[in-house]
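Here you get one chain, nothing else, as structure tokens; it is the form predicted alone.
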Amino acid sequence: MSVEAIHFEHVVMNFGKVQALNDISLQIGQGQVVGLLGHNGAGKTTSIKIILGILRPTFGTVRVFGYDPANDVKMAALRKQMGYLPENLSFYPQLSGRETLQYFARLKGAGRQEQEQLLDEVGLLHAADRRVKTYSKGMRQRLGLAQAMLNQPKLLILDEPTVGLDPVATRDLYDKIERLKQQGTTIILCSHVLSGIEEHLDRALILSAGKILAQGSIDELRNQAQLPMTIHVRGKISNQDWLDKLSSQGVSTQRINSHQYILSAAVDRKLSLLQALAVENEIEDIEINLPTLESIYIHYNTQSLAGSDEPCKQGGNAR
């Protein structure tokens, strides 16, 4: 059985009277892509710093590939196989892009060939000898991605990785993430652009005020949140009995105009609804919209802010 990449058990982190993390327990398996989601101040950055060994928790147990990240001599070698892209990048402005990457490569023990390959992959090879102070925000972001991916990391933590990237660079980034995942890299993504990362995540953890509101795969989170799916139906339907029949079965129906309708129902009704709609010959098109990661995120945060007495269920461990 492989060692878990990251293990938190009842982790508490206090900064004086401020509690940044409150009884956090999670497990992330090797080779998974996990979204660490939450508003500013939710505890994401504190969690990352604990994983990197920069902070030591006030209480609880933390293990990264089986080692205490803040107190194990073996972590020095392991850190060379960890990549981190912080939200706020800062480089020496007088160094060139190539010199900057060479500096980080020496720290990690990465070779020259890999440096050149990464500069090419992030689209900076043509500007590698220009000083970083002449780089645009997007170019600095791509240089930050290159340094984070040095030395084929076992663990890669990316905080808002698409900031400043154009659509093509964003697509290339997620292609690279998929390749690293296939090679066994564990990847933690922090992003406020939830629509962009949803299809790439194996699991998601939603944090608020230092607590885990929910965790699990997207399907598990949908089931836990019990948010309805919506089905857009188009067609000039002369027989309206099907709407009444669906309404009697607990399906919310809304007529937009003479040929457009919106149905709302539990996700587990998807197949039965499709079967019911398939027999209506006058229906021209059907579009199914499942609850998105963004809607799930808003649901849990709204529930948390409302101070609901009903506890949020946690969908298993983030393995």
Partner chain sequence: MNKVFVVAVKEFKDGLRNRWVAGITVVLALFAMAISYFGAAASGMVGFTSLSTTIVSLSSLAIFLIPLIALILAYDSIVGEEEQGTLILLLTYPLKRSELLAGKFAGHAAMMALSTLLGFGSAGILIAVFSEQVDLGELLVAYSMFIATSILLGWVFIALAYLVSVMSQEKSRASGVALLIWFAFVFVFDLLLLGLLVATGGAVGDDLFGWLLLLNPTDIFRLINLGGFEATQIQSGLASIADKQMIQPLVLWSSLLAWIVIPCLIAAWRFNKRVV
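The model shown is predicted, which means the values in this text are computed figures rather than measured ones. Numbering follows the first chain given and starts at 1.
We do not show the form predicted in complex with the partner chain, though everything after this point is about it.
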Indicate whether the partner chain has at least one heavy atom within 4.5 Å of a heavy atom of Pro167 in the predicted complex.
no
For Arg106, is any heavy atom within 4.5 Å of the partner chain in the predicted complex, or not?
yes
Can any non-hydrogen atom of Glu121 be found within 4.5 angstroms of the partner chain in the predicted complex?
no
Does Ala76 reach the partner chain in the predicted complex, with heavy atoms at most 4.5 Å apart?
yes
Mind checking whether each of Trp242, Gly250 and Ile283 has a heavy atom within 4.5 Å of the partner chain in the predicted complex?
no
Find the only residue in Thr134, Gln94, Gln183, Gln226 having a heavy atom within 4.5 Å of the partner chain in the predicted complex.
Gln94
The single option of Glu160, Asp172, Glu116, Asp72 touching the partner chain in the predicted complex, heavy atom within 4.5 Å
Asp72
Given the stretches 186-194, 205-213, 145-153, 242-250, which is the single one in contact with the partner chain in the predicted complex, using a heavy atom cutoff of 4.5 Å?
145-153
Can you name the residues of 46-67 that have a non-hydrogen atom within 4.5 angstroms of the partner chain in the predicted complex?
Lys49, Leu52, Ile54, Leu55
